[in-house]
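Just one chain is shown here, as structure tokens, and it is the form predicted alone.
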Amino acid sequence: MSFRSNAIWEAIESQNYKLAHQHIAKALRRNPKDEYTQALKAYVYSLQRKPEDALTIARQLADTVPSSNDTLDLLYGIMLDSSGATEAGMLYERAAKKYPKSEKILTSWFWATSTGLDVRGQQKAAMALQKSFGSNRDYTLWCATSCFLAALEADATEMEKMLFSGLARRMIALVGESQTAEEAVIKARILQVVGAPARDELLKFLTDDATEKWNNLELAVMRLEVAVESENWDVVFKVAKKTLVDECRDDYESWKQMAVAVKKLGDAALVNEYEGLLAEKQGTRNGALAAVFYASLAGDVTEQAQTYFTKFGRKQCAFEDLKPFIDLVDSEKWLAFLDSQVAPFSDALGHATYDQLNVIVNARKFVYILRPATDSYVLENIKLYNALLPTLKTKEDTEYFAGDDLLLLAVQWILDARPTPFEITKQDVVMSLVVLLESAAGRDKHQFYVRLWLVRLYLYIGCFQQASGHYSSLSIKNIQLDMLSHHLLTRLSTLSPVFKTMIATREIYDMNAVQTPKYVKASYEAGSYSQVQGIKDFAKRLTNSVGKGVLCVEAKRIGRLSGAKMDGLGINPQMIDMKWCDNRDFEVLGGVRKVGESAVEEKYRIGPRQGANWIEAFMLKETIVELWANAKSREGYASRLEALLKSEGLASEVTKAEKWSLEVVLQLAQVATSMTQATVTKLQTLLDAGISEFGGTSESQVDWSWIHDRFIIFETIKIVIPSLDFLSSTTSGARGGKLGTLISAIKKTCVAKAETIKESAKEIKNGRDKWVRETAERLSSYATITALDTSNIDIEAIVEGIGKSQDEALTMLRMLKV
């Protein structure tokens, strides 16, 4: 690299792009044909978010088919980001055809496509390497792995899956005997993806001594899976027995499939052997649970469940282990048995051990499911919680106190509107539960589920700041952010439109783009071929994450409301067609319920669950707004949005206010196509109806939907007014006459309505002191609160915090300008 290239890179790394262009211009004056410097010029344009300028230079250079790896790498990255993998791949394909014996170019092609997660391109590069340098064993393994990955691509046709899996099978056969466990695993996976034609070969390979010598857990798991798929129950029995007896692995799946094999085969000797093994191993958790499963194949499991609970009811896992069998127990016998398990220490709860505490909590979970009509459940749980508080005081800060589950069960019971001997007015239900959980959180500061429920309940009543405080205490980090941040960030732009809250989550997507591809290369270099699929899938899940897509839209909306801008979460037309992957965890608040039942938390979400349809709709909306001057592109996107608005998929993901906002932008697109009295009047009618419905000034309780609706109104107005100004400036006759008067009236009405909403927010805030006193007084009188030991909290302070948090949202509303 020349001195001048170093200077260019120093300017790029310091983000001084103007200086970088100056250095590039000087270098090109000296050597106008220097390919690398021209590629750097395109690269700087791409960093400046000028994809058209970058692509123009990149395409001109690509036509010359550069021979420099550095130049090819730069051009590939630019094309991949700006126009997609197909065009980027053609760059290296042409280079490979021109220089077929250049090992350096072919390996660069392979690394560029593998780290760029271009599986089709990677497969082509690997085939080219293997064809030209087949004597290199590593290249053959790269080729086998790449063909395997291509067969697994989501968009691969059945013919392509057959072709690529067949190629992978041929390539792995050329490698010969596996020299490492990793090679054995990738061979097994290749044979598995080939399917039925290779099933016998795969089963033979997995049960061969040469394979079993690796003592690899993944191969052992696959061995059982393939045996079950083959429905060769003799082999299933032998494989499961080998795992449980010969390898001494207490594996529940092996227990289960061995039981199924025994039932399928109907051999008395095998039945005796299995039952004898069960009797011998019932001292282990999986052995005891296997006895329950074995009984379930015949029917009632009450006796076996009792045996399991007697040994493992003291473990927190007991309820989840037995839940799948709950419909196969005699309810009355089971509940009577649970009472007998709790009775020995029910009179000395203040001295209960952690094992006894787990027995109590597990029993109460079964009562929750099996006695849904009892009206004493909530107060009984609160009474138990109070009695167990001495046990809480003895635990370490980071230990889990199962007694908190008693309050969580009570909360879930009330949210599910189950019977209680008391009444709570509808407006106070969530706030009364906040008081319960604040008491628990105050005593047990590391209780994850209590605080996550507080996040949900605070958001539901429009208290973003209170929710954010509890969320921060959870220390959610790294990949957890992609899975769990939605609990706080759902519809962020319409609850608390500030960027700060989303920065940590955004960074996980930034890090994925930079760091994860490096692990793909490292896996190939280390010969860890079985890891490549997982790393690639991980990278794609984050790249195409629903959470990321939602944040991109939210960042745009926050920017519009606040006038600020956030780097790293831009929207481009390519993203509209992205196949989004939902990695979010909704089960963490799933609560206690039967398998297959919907969770109570679904009734208390911050609007419908946002998904791929929601992302597509709002990315279309943002793209349309950016394209007022480009009629052809705009009309195409508007047609897509119109079709999407008619779909059931989108209807299940948007709030009423969000749907209205999309309809307004769609009507604006109609105005842009044909600015007439009719189209503008329709826009006016749509605006008036939505603002009246979602921004009414009648007495109503402030909650998430109240705040959400009004922020949506402001965001929509901030689209409408500048859009009408732009469209008027480009349309003949729109500045005067009836059309001009109508447009002016729309703008004035929008501004006036916005001011009315601000005044309404001010009135609510001004009455806050009286609201706090009255609300605290009501909450303190409810049976749930009087029954709980609330000596560690100040109820009025909690209510005051709720009011202050709601007021922050009201202040943000009042600060907005239109």
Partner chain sequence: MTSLRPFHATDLFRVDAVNLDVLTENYHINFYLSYLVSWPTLFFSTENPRGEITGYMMGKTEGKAKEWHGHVTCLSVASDYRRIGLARTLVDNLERRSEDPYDAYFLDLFVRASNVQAIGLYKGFGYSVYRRVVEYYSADPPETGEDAFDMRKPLKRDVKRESIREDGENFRVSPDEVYL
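Residue numbers count along the first chain shown, from 1. Values in this document were obtained by computation on a predicted structure and should not be read as measured data.
Although it is not shown, the form predicted in complex with its partner chain is what the next lines describe.
With the partner left out here, check for me: in the predicted bound form, does some heavy atom of Glu87 sit within 4.5 Å of its partner chain? Although its partner chain is absent here, Glu87 would stay clear of it in the predicted bound form, with no heavy atoms inside 4.5 Å.
Its partner chain contact at Ile746 in the predicted bound form, heavy atom, 4.5 Å: Output for Ile746 is no: heavy atoms all beyond 4.5 Å of its partner chain.
I'd like to know if Gly195 sits close to its partner chain in the predicted bound form, meaning any non-hydrogen atom pair within 4.5 angstroms. Taking the distances in the predicted bound form, the answer for Gly195 is no, it never comes within 4.5 Å of its partner chain.
Report whether the minimum heavy atom distance between Val455 and its partner chain in the predicted bound form is within 4.5 Å. No, Val455 sits far enough from its partner chain in the predicted bound form that none of its heavy atoms falls within 4.5 Å.
With its partner chain left out of view, choose which of Glu320, Glu153, Glu275, Asp577 has a non-hydrogen atom within 4.5 angstroms of it in the predicted bound form. When its partner chain is considered in the predicted bound form, the option within 4.5 Å is Glu320.
Let me know the one among Leu174, Leu163, Val221, Ala564 whose heavy atoms come within 4.5 Å of its partner chain in the predicted bound form, would you? For this set of options, the contacting one is Val221.
Please name which of the stretches 140 to 148, 107 to 115, 525 to 533, 644 to 652 has residues with heavy atoms lying within 4.5 Å of its partner chain in the predicted bound form. Stretch with heavy atoms near the partner: 525 to 533.
Who in 215 to 249 is close to its partner chain in the predicted bound form, meaning a heavy atom within 4.5 Å? If the 4.5 Å heavy-atom criterion is applied to its partner chain in the predicted bound form, 215 to 249 yields Asn215, Asn216, Leu217, Glu218, Val221, Glu247, Arg249.
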